[in-house]
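Before any questions on how it binds or moves, here is one chain, the form predicted alone, in C-alpha cells.
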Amino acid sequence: MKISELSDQTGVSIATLKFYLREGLLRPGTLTAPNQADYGESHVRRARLVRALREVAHLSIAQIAAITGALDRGEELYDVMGVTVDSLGERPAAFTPAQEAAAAEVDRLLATLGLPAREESLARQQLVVSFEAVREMLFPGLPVEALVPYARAAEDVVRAEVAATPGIFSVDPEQVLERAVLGLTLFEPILLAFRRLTHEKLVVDHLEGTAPPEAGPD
C-alpha cells in the first residue's frame, strides 16, 4: 500500500507517518521509486502501536523509541512488556531511607504473592513510595500485609480482563503491546472511579446511619 493508504488504515496523518519514519519508530517501506515506497500490514500494526503510545499513553518520542527498538531487536515479549509498562508514568526520585526500609517489606510481600519485584519496575517504585507515605501520614506502623486486599482486588480485575480477551498472547507482539497499553491507560481510571464512588457512598451511608460497622486496617 502507499503511504496515503497507510494513513487511511491507521488514522495517522501522512505528515505524522513521515515523522515516525524519520525518527525510526516506523520501519522504512520497500522503495518502488526514488520518492515512493510500499508498506504492508507490519507497518499498519506498528503505526497503530505508536499512535496508542503517543496519543493514549502520552509517552515521549524517546520512550516510544525504547519500546519499538526493543521490538526491532527481537527481545522477548516479557522484556518488551516490562519496558512498556515502566514507561506509563512518572518515575519517583531516589528512595529516601524510610522508603528503602519500606521497599524491603514491599519486596517480601511481592515475593509472597508471586508478583514480580524488578528493581527498575515503575509499579514497584510507586507502590513503595505510596506505602511509605500512607504509613507516615495516616497509619503509623501499618504492616505491609494491609496491602493484600488491594493485591487480591487487582488480581480479580486482571483475570477478568484476560478472560475477556482470549488468545491475546498468541497474536503479533505489537498487537499485544497495543492492547496492553490501551487496557492499562483506559481501564485504570475506571477502577479509580469506582473506588472513589464507593468511598462517597460509605460516607453518605455513615451520615445517614446506614453504614456497616467499620473495619480497621489488617
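This is a predicted model, so every value here is computed, not measured. One-based numbering along the sequence shown.
There is another form of the same protein, the form predicted together with another copy of the chain; it is not shown, and what comes next is about it.
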With the cut-off set at 4.5 Å between non-hydrogen atoms, does G69 touch another copy of the chain in the predicted bound form? no
Non-hydrogen atom contact V134 with another copy of the chain in the predicted bound form at 4.5 angstroms: yes
Would you classify G183 as touching another copy of the chain in the predicted bound form, given a 4.5 Å non-hydrogen atom cut-off? yes
4.5 Å heavy atom contact, V203 to another copy of the chain in the predicted bound form: yes
Heavy atom within 4.5 Å of another copy of the chain in the predicted bound form: which residues of 28-61 qualify? R51, V56
